[in-house]
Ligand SMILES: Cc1cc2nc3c(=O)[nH]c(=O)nc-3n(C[C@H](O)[C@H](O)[C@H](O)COP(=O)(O)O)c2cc1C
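Presented as structure tokens, the chain that follows is alone, the form predicted on its own.
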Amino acid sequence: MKVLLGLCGSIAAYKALELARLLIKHGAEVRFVLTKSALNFVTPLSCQTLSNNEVYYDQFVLTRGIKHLALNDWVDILAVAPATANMIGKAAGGIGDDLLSTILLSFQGPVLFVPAMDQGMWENAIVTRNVSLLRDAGFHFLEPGFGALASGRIGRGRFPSIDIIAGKIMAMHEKRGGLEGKRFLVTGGRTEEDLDPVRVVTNRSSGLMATELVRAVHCRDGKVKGIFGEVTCPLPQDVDIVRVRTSAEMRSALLDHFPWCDCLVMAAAVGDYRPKKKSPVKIHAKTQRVEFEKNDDLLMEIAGQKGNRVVVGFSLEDSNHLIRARDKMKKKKLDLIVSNLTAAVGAQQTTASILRKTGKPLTFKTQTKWEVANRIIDECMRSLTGKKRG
């Protein structure tokens, strides 16, 4: 994947350096093109050092070849990140008065704009019109996030998180289909059950699979909400996430948000058992006998209320894993189930199978959890289409 990063005159331009680093980590080759205004915020030397490539900012530099055409021949995806209201306006008006705007006029491949500006500018009627014009013309946008802005105000206009931008670029390069505004509810992480005010019973789930699912839905223009227990990985930013801790809290959040979604992906590792009694004070006994009782089966309860929604479960086993997964899917009336080995816990990559109601399991070799997440989402969309036709 060859990515041309176009940087405009925004304080967020420094974050594009970290974006380049992350894209390179994922195997991309990156080059930078800077506007004259961007030079006030980052240096060509920094960009060259990170990308190990020549940096472009002068339309009429005396070298061989026509710069905007030569770059067009090289690049797979052009990402203007950060994109200012000025550059969005130029692109919408067909103006090419510097190197980046000229590339935007002539490039025939996929283009992503990642705006960063004050909320007043982002909500300005002219900017809104320009964004709409570009979207109608086939350009992609990753809308700015909500948070602290350079002005000191709190509002919408913040440069999105780097991992979301990288995910969006990868989804475009991989030609991942759009989700047509479908609403996904994703649970993730692990629940805890209290032994006393300090100690808990839990499991080793990291939450990574669920965070990749949330990121993939968001990057493919779906609507997503997350319900997360404890995790050992960073949670996606710019996404509506509800935090819970116990199985009971997970159940309450599921009942509140399930009616909103088209598809529930239950990736959370909800504890099967909880202590029958919780000590009100910290336990100091030399030995302790704990009696457990079964937690409610949240997935079975929710799946019984699904109607035309798609419900996806997970099965984590080391022996007879496909047979166990198939039995679990039938028992809980799931549309899909993802079968993993226990080695997947906390790992960046996994070998998984997706089981459907009919047909052979979709089994694939070791892949990143980002790739598996997108495969799951693809199957969810097929199931939703089938339910609609039915």
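Counting begins at 1, following the sequence as shown. All values reported here derive from a predicted model rather than from experimental measurement.
Below, we turn to the form predicted in complex with the ligand, even though it does not appear here.
Heavy atoms within 4.5 Å of the ligand in the predicted complex map, among the stretches 184-192, 310-318, 111-119, 228-236, onto 111-119 alone.
Interface residue among Ile169, Met209, Val265, Met87 relative to the ligand in the predicted complex, by the heavy atom within 4.5 Å criterion: Met87. Of the residues Asp98, Asp196, Asp297, Asp163, just one reaches the ligand in the predicted complex with a heavy atom at 4.5 Å or closer; this is Asp98. When the ligand is considered in the predicted complex, Thr35 lines it closely, a heavy atom lying within 4.5 Å. Although the partner is absent here, Ile24 lies well away from the ligand in the predicted complex, with no heavy atom inside 4.5 Å. Although the partner is absent from this view, Tyr57 stays clear of the ligand in the predicted complex, with no non-hydrogen atom inside 4.5 angstroms. A residue is said to contact a partner when one of its heavy atoms sits within 4.5 Å of a partner heavy atom; Ile11 meets this definition for the ligand in the predicted complex. Contacts between stretch 201-230 and the ligand, counted in the predicted complex as any heavy atom lying within 4.5 Å, involve no residue at all.
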